[in-house]
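The data below hold one chain only, encoded as structure tokens and taken in the form predicted alone.
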């Protein structure tokens, strides 16, 4: 049996690179964390949040509001989240499994810029 490891959210999670276990793809940085409280009132991390809607409030000021506004213009309503149940390992990077939601900017670029290009959908194949 493996002993539980105490992680300090700000030290061990925030701003770490997130790596997808399946293909080793760099997913994002941990921009913020979603917290909940147990029966005794102790906080625990329920999800990793990423993208400008998560980072904007941390940055604050005009730059933070611009980040949030740009994300909302691209159709984002809430920051993409990765449940902690999908986190397989925390080391120098945070390793995650499962199927990941694509960020709003990537979805917008794919829909509005990439897919209209002839051949982008591999019709000839």
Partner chain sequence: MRLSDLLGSPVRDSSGEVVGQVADVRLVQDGPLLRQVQHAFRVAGLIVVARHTGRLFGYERGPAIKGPWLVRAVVRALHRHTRYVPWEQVDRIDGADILLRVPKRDLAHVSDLYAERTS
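Keep in mind that what you see is a predicted model, and the values were worked out from it rather than measured. Positions refer to the first chain, counted from 1.
As for the form predicted in complex with the partner chain, it is not shown, yet the points below apply to it.
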Next on the checklist: Within 4.5 Å, heavy atoms only, which of 63, 73, 35, 91 is in contact with the partner chain in the predicted complex?
Outcome noted: 35
Checklist entry - So, in the predicted complex, is residue 114 in contact with the partner chain at a 4.5 angstroms heavy atom limit? => result no
Checklist entry - Given that the partner is absent here, does residue 28 sit within 4.5 Å of the partner chain in the predicted complex, heavy atoms only? => result no
Next on the checklist: Contact with the partner chain in the predicted complex for residue 17, defined as at least one heavy atom pair within 4.5 Å: yes or no?
Outcome noted: no
Checklist entry - Is there a heavy atom of residue 120 lying 4.5 Å or less from a heavy atom of the partner chain in the predicted complex? => result no
Next on the checklist: Suppose contact means any heavy atom within 4.5 Å; which members of 52-80 contact the partner chain in the predicted complex?
Outcome noted: 53, 54, 57, 58, 79
